[in-house]
Structures are given as C-alpha cells and as structure tokens.
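To begin, one chain is listed below as structure tokens, in the form predicted on its own.
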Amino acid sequence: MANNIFVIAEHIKGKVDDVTYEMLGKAKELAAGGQVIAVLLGSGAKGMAGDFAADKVLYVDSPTLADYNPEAYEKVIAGLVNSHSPNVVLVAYTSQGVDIAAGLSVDCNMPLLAYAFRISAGSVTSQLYGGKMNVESAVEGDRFIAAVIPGSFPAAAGKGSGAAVEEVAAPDLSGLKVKFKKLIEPAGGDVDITQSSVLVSVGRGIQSEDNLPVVQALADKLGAALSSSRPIVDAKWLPKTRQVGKSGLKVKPKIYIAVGISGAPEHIEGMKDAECIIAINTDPKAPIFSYAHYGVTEDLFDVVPALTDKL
C-alpha cells in the first residue's frame, strides 16, 4: 500500500542537520509508491531544500520561525499534518525533535514511537535503557510518528535535487507563550575537541576521577585531545567543553577511541561520523559495538596502559 511520509527537516545556524537526510532516505523506502514530503520551517530558508531527495517540500516562511521555537514549530507542523494526513511522520530524536514529537502526537492523534533506529511498514524498533535493550513495537493502523535516533540510516540516500517547493502560509503565531531570545553557545575551553583529528573519550567505566590520568597518558602518546561522555562532565571531572553528545559537541575526528563508554543514543549522536571508531568496554553487548569499527571487551585498566606502553 502506498504511504505518504512527512519528514520534519532540522536545521540550525543555516545548516541542515544530517539526520534530515537520513530520514529522507528511509522515507523513500517506506513510501512504497506514495510521496515523500519534507517539511521545512524558517525565514529566508527556502534554499536549504535544494538537495532534499523528496517528491515535494512544504516550506513555511515567517520571521517567528527564523530561530527554533518549540511552540511555534509544533503549531505549524500539527496544522500541516492534520491538513495533509500523512501515514508516517519522521522527526529526529534530538533536542528539537523531543520538544516537538510528544505534543504533535497528541494534537494529531497519532501514536509516537521514540528512540527509533529501525522502521518497517508495520513496526518500529527502539533502543531503550541507554541502548541496552531493543524493543520492537507493532503499529495498529497505518499512521504513526517515529522519533529517529541520528545515525540510524545512511545520509547519502536522502540527498538529491529537483524537489518541488510549495510555499505554505504560516498560521497566526502571535500570542505564543515561548519566545526565542538568543542562542548561547558554550564558552571556548582549553581545547577545541571539534578540531581534533584524534580523540580519546572516557566514560563512566573509568570509575573515579583519580583514574583519568590513565586515559590522559594514552591521549598524550597519540597527540590526541581527551573528551568524555556526559556522566564525566556531570561529575565535574572534565569541563563541559570536553563533552561529546547531544547535549555537548558533535565531533568528526579521523579516530575516536571510546574508553569505558556504553554508547547511549545521546552520545552516539555526537560522534557517529568519526572515520574510525575504536571501543574498549567489558560488556560485549554494549551499544557502542554496533557503531565501532574495532573493539575489545577487556578491562580498560589492562588495555589502555598496554596501548600506551606499546606506543
């Protein structure tokens, strides 16, 4: 049966996020003869749709949509979903997507399946408990919303050209309770991990702040920067400028060594585009191994010093 698929485009500071292309590529598979319809909101942002692999782009232009506003975005998208009645709505499981998805589910009376990384015509598989459990959910009926974990599908499949852009008038956005004031970016730190070609990243498996020098020694031998997952920053063992992940920084190093990191979706979002991922974790079922090119399931306190000595 043909399906019409909505893909909610995500962008910030004039750049389309790769997860948008990932969802467009997956939508082409799911459409089965139906239409792939990208939804783009912004102000003067029409040109962003130039390489969308979609049958059509619905573009809503308004000064209120120039910067992300969850209340405004949800109101506009809900109106489009209710008027076009797509079978499936794909939204990214990101900070923006999480803001939108639940309210959209209520406003459009469509079931929501979050943490999605595998989608078929009748089911959605989600990663739960930090990626330690995969749950397949059957979908009743033919309409649902899926919040997709970035990195789940290849981005290249969602890039193309020639999609027809249909401009849609924005609804009345006056009287919003949420106002965008300004974007506050993290202050610069002693190291810009986004510019490092090699990163050694440490997670909860390090156990204690006193053990950080073990990993720092490896980073020093490699000429690498030391980065971390969120628990390390929350514990104040490293500054926020070293955090990789959804609430930290996105990095694309040539080599990313994950030491004692389980691989929660929020962390994967920040480092999935590394050219080579090497994981050290004693748990063979840790989600990080689904993304790693190389891995070892030995104790990091044995492996890391041995690597350092070898180097």
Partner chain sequence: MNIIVPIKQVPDLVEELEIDSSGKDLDREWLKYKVSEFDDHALEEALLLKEAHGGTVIAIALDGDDIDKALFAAAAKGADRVVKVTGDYAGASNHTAAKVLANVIGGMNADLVLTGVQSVEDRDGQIAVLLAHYLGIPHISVVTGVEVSGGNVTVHKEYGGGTVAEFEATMPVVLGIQAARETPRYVPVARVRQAMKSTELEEMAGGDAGVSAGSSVSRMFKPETGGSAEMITGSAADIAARLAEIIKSKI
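Values in this document were obtained by computation on a predicted structure and should not be read as measured data. Positions refer to the first chain, counted from 1. Rigid core here is just the name for the largest C-alpha set that superposes within 1.5 Å across the two forms.
Just so you know, the form predicted together with the partner chain exists too; it's not on screen, but the next bit is about it.
The partner chain is not shown here, and in the predicted complex it never comes within 4.5 Å of any heavy atom of F153. Contact check for A169: no non-hydrogen atom falls within 4.5 Å of the partner chain in the predicted complex. The shortest heavy atom separation between A164 and the partner chain in the predicted complex exceeds 4.5 Å. In the predicted complex, the partner chain sits beyond 4.5 Å of every heavy atom of G42. Partner contacts here mean any heavy atom within 4.5 Å of the partner chain in the predicted complex, and among 80-88, 155-163, 174-182, 208-216 they occur only in 174-182.
If you check the partner chain in the predicted complex, you find no heavy atom from any of T20, M48 and A274 within 4.5 Å. Looking at 133-154, the residues that come within 4.5 Å of the partner chain in the predicted complex, counting any heavy atom, are M133, N134, V135, E136, S137, A138, V139, E140. Here P253 counts as shifted, since its C-alpha moves by at least 2 Å between this form and the one not shown after the core is aligned. With the core held fixed, Q243 shows a CA shift below 2 Å between this form and the one not shown. The Cα position of P287 differs by 2 Å or more between this form and the one not shown after fitting on the rigid core.
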